[in-house]
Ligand code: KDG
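Next up is one chain by itself, shown in structure tokens, the form predicted on its own.
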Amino acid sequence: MNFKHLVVALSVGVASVAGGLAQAQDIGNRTIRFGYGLNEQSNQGRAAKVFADEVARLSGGKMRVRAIGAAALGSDVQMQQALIGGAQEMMVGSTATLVGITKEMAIWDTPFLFNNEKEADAILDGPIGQKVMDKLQEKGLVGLVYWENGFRNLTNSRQPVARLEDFSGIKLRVMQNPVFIDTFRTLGADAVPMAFSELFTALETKAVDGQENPFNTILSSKFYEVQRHLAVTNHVYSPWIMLVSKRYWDRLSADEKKVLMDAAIKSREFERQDTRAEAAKALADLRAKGMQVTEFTPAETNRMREKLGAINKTIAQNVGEDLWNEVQAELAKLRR
């Protein structure tokens, strides 16, 4: 071998080794930035830790999740865009904020869609929930599992609410969301859209009579100090969803994808149990703090659902009649 051939051979060898090292480094470099909105001590934070620990265990430490809470990576919408662009690997956030990306996600915002958690689990974890989640892939996102945010419930300072007619005349703060505004106006309340940051003062000064939120939020925000009545309406169940950047997902091996999916399922089971236990404790604490609690009968819930027929019709048109009918048929089967 002459000098020229020796140089060429050495160059090829070095390039080969360098390429192999780069590939090995790429395969081994599986640090996943996982963003979420609440703080580390929240149900989101606790479940994110379970997910991170399980990913490390199942991958033998080769994959590492860096969970970043308190919206440090941005709002749900900002993180979704970061995932789509490939600048962030994973997140968990509300399905409601995905409606602008995938219209079918609006099905989960339907008022009184689910009667209880058992129905929600069956639909979300079944073929319908998967079908809706799969729609995200054409937009650059991969859905793994749904987590629980919890049912929203009503409080007010005026009167007990246990039937449809009791909504009449209550000045109710609602989210700045057309579906929520139309829903409560249709039920007879005077719906007032307002930022959450303004809510406690508005309740305290009686600028509004009431509001609606999950038990955990009602307790942590100390609304019991300015609200006497709590109605267990369970009027909306809006889940959270765990998302992966499709650009990132497509670079993973089948084994790596399985690690993430198995860890996601374990985190889902933990998060739901944890959130429900926290909600039950919050309700007990609210009773202990003097709130008067009323519950809706199934018949009253059905009356409200029927009253909202026009709103449901609009949602059905937006998500597609086929999907709407499929969800309703499955719920009817579950209720038989």
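Superpose the two forms; the largest set of C-alphas matching within 1.5 Å is the rigid core. From 1 onward, residues are counted along the sequence shown. All values reported here derive from a predicted model rather than from experimental measurement.
Unshown form predicted in complex with the ligand; subsequent notes refer to it.
Chemist: To test your reading of this chain, name the stretch in 138 to 146, 168 to 176, 104 to 112, 124 to 132 whose heavy atoms come within 4.5 Å of the ligand in the predicted complex.
Modeler: Among the candidates, contact is made by 168 to 176.
Chemist: Looking in the predicted complex, is the ligand within 4.5 Å of a heavy atom from each of 37, 94 and 213?
Modeler: Checked in the predicted complex: all three residues contact the ligand.
Chemist: Check whether residue 235 has any heavy atom within 4.5 Å of a heavy atom of the ligand in the predicted complex, and answer yes or no.
Modeler: Residue 235 lies outside the contact set for the ligand.
Chemist: With the partner left out here, check for me: in the predicted complex, does some heavy atom of residue 89 sit within 4.5 Å of the ligand?
Modeler: No.
Chemist: Flag residue 44 as yes or no: does it have a non-hydrogen atom within 4.5 angstroms of any non-hydrogen atom of the ligand in the predicted complex?
Modeler: Answer yes; at least one heavy atom of residue 44 falls within 4.5 Å of the ligand in the predicted complex.
Chemist: Hey, in the predicted complex, does residue 209 get a heavy atom within 4.5 angstroms of the ligand?
Modeler: No, residue 209 sits far enough from the ligand in the predicted complex that none of its heavy atoms falls within 4.5 Å.
Chemist: Does superposing the core leave residue 195 with a CA shift of 2 Å or more between the shown form and the other one?
Modeler: Shift at residue 195: 2 Å or more after core fit.
Chemist: Does the distance between the two CA positions of residue 136 reach 2 Å or more between the shown form and the other one, the core being superposed?
Modeler: After core superposition, the displacement of the residue 136 C-alpha between the shown form and the other one stays below 2 Å, so no.
Chemist: Checking residue 93 here: with the core superposed, does its CA move 2 Å or more between the shown form and the other one?
Modeler: No, the C-alpha moves less than 2 Å.
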